[in-house]
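Next comes just one chain, in C-alpha cells: the form predicted alone.
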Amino acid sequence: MSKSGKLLYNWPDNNFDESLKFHDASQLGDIPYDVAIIGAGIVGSALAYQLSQYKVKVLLVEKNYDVGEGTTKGSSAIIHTGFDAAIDTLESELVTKASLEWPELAAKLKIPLRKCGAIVIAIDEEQEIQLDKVYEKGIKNGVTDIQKLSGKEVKEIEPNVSEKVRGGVLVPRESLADPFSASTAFSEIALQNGTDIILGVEVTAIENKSEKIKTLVTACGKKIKTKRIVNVAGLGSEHLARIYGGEEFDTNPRRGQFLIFDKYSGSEINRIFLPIPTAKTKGVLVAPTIFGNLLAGPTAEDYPHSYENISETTTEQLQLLKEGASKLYPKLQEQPVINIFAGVRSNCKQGSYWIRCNDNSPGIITVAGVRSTGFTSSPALARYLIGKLQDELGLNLEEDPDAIDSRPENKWPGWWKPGYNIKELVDENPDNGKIVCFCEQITKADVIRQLDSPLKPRTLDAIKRRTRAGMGRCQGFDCMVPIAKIISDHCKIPLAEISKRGPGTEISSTSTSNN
C-alpha cells in the first residue's frame, strides 16, 4: 500500500495531541503539491479519493475541524436518480451516472445504503396534471424504470399516504444513505493513499496566482505551495474566488430546516414521499432515513452571506414545514419530534454546477452551485473535475497500483452492524458490550474505534456523526458526558477541554470565553 499522507489539525490548545498539530508548513515537505483541494465536504472528499488512485501529490484543506462539517452534514441523505433534474444539464448527467454506481461504491466503502424507492405524490387536480410532465422528464433524463401510478395503486403500496392522493410517479431506485460515512470514507482512503489533510485551516490569500507554482496563505500565517487549486469550498466558494480574482458569480446561503421524528415512526412509510417540485425547490418531502427515523423537510429560505443566524431553526418555519409534510402523510401530526436542524446549501444565481477552469488565473478551478444533489453526484463530479484537471490544467496522471479503493468489513458503522450482541466479539473485547448511548445502542468500543480511525476525530460532533451516539431520543442528555469522558481518557485531553466541534466550543464554560 502507498505511504499514508499526513493528517494535521490547526488546534491551538496545548493539550491536543502534539503529533497531530499543524505547527509549520515545513511539516508538509518542500515539494509543491500537484493539486490543493480547498473544502472537505462531500465533493472535495470524493475528489481527494479519486485523485488518490494516481501518483500525484494532493492536499485537502478544510477550515472546520472535521470533514463533511458544512453543507454535507445538513443534507436529506438521499441518493437521487436525477429523474427531476433539469434536462440536458451537467447536473442531470452527473447525477444519473452516479446514482447507478452508488450501490457498488457504498458496498466498497462500507457506507450504509438502502434502496427504498420514492413516490412523487399528487393530492389535487392541478398536481395530478403535472404528473405526466414529471414522468416525461424522468424518461428524458434516462431514468427509464419509473412508473405512473393511480391514486388507488399508491394507497396499495403506501397505506398511510394522504386519502386525497390522486396519483403518483414511482421512482424505484431512489435510495437512502449516510452522508457522514461517505465524506469520512472518501477522506480516510485518500489519506491512506498518501493525500495530506489539514483541518481547521482557512485560506485567506493566494500569492503568485498567475505563476506555475502558487502559494496558499492561511489565516494562521502558514504558506503552502501548490501547482493547481480546486475551489470546492461550498458556501465559501464565492469569497475564495474573489481572493484569487476568479470570474464573478453570486451565491447566497439557502437554509433548509428539517424535523426528525422518533424511530418508531420510521416504519410508518416505506418509501420517500415527494411533492410536485417547483422551479425553486424540490419541496417538502417525508422520508424514512438510513438511521431508522422519519425525516421531513427542507424549507428553502434565502439569506445574504452577512446573515449571522443562518444555522438556527425557527418555530414559524418548522410549523409550516410540519403542516406541508402532513399533506402527504397526515399521521405525521401525531408523531413526536426528537430533533430539529437546519442545513445550509449554496445557491448560485448563475445556475447549478457552475464550474470554471483556469478561472482568470492558470491552474485554478472554481466549483459553485452544487446544492441538494451534491451527495449523489460526488463520485461522478469528482471524475469530471479530474478530466478538467487533465485536459485544461495539464495534470498528468499515472495510476498507482498500490492504491486502495475500499475499506475492510470492520469499517461498517457499529449502529449498522452492531457487535454488542455477538458473544465472540464481547469476549474478545468487553468494551463491545458496554453500551454508552442507550437510545442508539452505541458501545464504548464503537467510540474508541472511531477515535483510533485514520482521521483521528476528537470532537463530540465528529464522534456523533460517525457513531450516532447522541442522535437518539435524548439527544445526548444521558450520554454526552460519558462519551466526553471516553475521549478524555483515551486521547489524554482534559475533560473540560473536550469540545463540541473544535476550539471555542468546549463543554466547560470555564475553559473558554467563546462558548
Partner chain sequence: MNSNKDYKAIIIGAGPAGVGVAMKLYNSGIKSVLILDRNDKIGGIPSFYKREKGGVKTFMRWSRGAYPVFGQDFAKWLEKLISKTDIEVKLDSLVLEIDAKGKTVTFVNPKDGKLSVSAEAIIMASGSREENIAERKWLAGARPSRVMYTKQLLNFDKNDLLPIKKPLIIGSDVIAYAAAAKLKAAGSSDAIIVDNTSNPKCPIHERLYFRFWTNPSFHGFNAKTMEIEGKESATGIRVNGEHFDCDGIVISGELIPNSELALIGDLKVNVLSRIPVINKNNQLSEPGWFAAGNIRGGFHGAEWCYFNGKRTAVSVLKYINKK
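Everything numeric here is computed off the predicted structure, so don't read it as measured data. Positions refer to the first chain, counted from 1.
Form predicted in complex with its partner chain: not shown, discussed below.
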Could you work out which of V56, I486, L455, M480 is the residue within 4.5 angstroms of its partner chain in the predicted bound form, going by heavy atoms? M480
Residue among E156, E399, D391, E312 with a heavy atom within 4.5 Å of its partner chain in the predicted bound form: E312
Looking at 425-433, 135-143, 373-381, 96-104, which stretch has residues with any non-hydrogen atom within 4.5 Å of its partner chain in the predicted bound form? 425-433
Evaluate C474 for contact with its partner chain in the predicted bound form, applying a 4.5 angstroms cut-off between non-hydrogen atoms, and reply yes or no. yes
Is N339 part of the interface with its partner chain in the predicted bound form - any heavy atom within 4.5 Å? yes
Heavy atom to heavy atom, is P12 within 4.5 Å of its partner chain in the predicted bound form? no
Can K21 be called a contact residue for its partner chain in the predicted bound form at 4.5 Å between heavy atoms? no
If you check in the predicted bound form, do Q335, Y420 and E506 all have a non-hydrogen atom within 4.5 Å of its partner chain? yes
Need the contact residues for 98-136: heavy atom within 4.5 Å of its partner chain in the predicted bound form, sequence order, or none if there are none. none
